[in-house]
Ligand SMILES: NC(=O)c1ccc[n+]([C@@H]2O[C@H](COP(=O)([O-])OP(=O)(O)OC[C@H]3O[C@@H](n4cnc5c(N)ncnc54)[C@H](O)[C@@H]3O)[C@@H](O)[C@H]2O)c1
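The chain below stands alone and is given in structure tokens; this is the form predicted alone.
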Amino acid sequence: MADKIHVTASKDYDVIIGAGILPETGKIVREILPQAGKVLIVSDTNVAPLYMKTVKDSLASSGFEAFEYVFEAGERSKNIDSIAGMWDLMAKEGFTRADAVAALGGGVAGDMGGFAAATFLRGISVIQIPTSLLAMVDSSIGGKTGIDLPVAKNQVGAFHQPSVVIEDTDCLKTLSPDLFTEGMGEVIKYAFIMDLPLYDLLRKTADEGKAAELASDTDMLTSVIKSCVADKAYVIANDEFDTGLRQILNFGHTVGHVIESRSDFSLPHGVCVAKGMGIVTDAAVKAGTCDPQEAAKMKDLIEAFGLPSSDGITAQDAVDGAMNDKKKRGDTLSLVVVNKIGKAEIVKVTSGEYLEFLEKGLN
């Protein structure tokens, strides 16, 4: 039986979580979008061979005319050319405002499918169908969509809430160990910023030597996903447009995005976030705001799940990259720190203050 977590936003919707629900996609979408006739399924070259037929057949059985747009897997495809290809296909096939995009895959598919939907005909519906752990716990929820520019990640985009999020946990069985580990970067983030019970669960799992077994423990994994989704739903309900509380979700991201961009996106997002969390935590210890023992527990948990907690980036490079970050407001940046597990803090800093802070963590 599937679980539903309701998201309250400018457009309310449900996140449906369960095993084996992908074949129900058509039925779910038809109930939510009774007037829709056409659906563009956006996916990548890794995911499409696994799940495209299931989703397409399910949509067809519910009376939809389904079309495919499949892009080369990877962050490098997250650009305006890919979006233009989606626009062109929808225009040629006569999509109207009653129709929809279904984003099938990880974070890149979700971001691009959502952005194409947000901008085509000034906005049509999007259905998020995440197939990676990272997308299930984070990127598919909350309505952030967009593409990258050469200078920085996610520089162009729009807030566009989905009509529904369909999370089939069976899809995680086909994830490579590396992709599963990457997703744990975002899971651990929730534990640190706002979810002490989740931290305790992850800590217990690691202490029992079962961190590597989490991917195959369906019940435990479903519980972890539901916790993260509920956490994000709470944040979205209180700050949909990222002006206050929602910024805590960026813990580790400001540094992490720079590391990711500087690697030409060869390093996975979740890995870079883990590095960013470790760097900021080290800096908070040096700044005297975070107890060294608390920091040690955080970094130990990151590493227990196979993620790195440091990087060779210089403080100056991190700051230079952050000055192009979309979280920058004028001359100030929102620095997210966790001085006590389960509670994040947002500190407004200038570029000079940010440089001074990071130099402590990277030296």
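Each residue number is its position in the shown sequence, starting from 1. This is a predicted model, so every value here is computed, not measured.
There is another form of this protein, the form predicted together with the ligand, and it is not shown here; the text below is about that form.
**Q** Please identify the residue among Val70, Leu50, Ile28, Val337 with any heavy atom within 4.5 Å of the ligand in the model of the complex.
**A** Checked against the cut-off, the match is Leu50.
**Q** So if I measure heavy atom distances to the ligand in the model of the complex, which of the stretches 118-126, 279-287, 168-176, 219-227 falls within 4.5 Å?
**A** Residues of 168-176 come within 4.5 Å of the partner.
**Q** Can you work out whether Ser77 and the ligand are in contact in the model of the complex, taking contact to mean some heavy atom pair no more than 4.5 Å apart?
**A** No, Ser77 is distant from the partner.
**Q** Although the ligand is absent from this view, report whether Asp111 comes within 4.5 Å of it in the model of the complex, heavy atoms only.
**A** So Asp111 counts as contacting the ligand.
**Q** Wondering, does Asp311 line up within 4.5 Å of the ligand in the model of the complex on heavy atoms?
**A** Looking in the model of the complex, residue contacts with the ligand do not include Asp311, since no heavy atom lies within 4.5 Å.
**Q** Using the partner position in the model of the complex, report whether Lys144 sits within 4.5 Å of the ligand, counting heavy atoms only.
**A** Answer yes; at least one heavy atom of Lys144 falls within 4.5 Å of the ligand in the model of the complex.
**Q** Looking at the ligand in the model of the complex, which residues in 22-47 have at least one heavy atom within 4.5 Å of it?
**A** Result: Asp44, Asn46, Val47.
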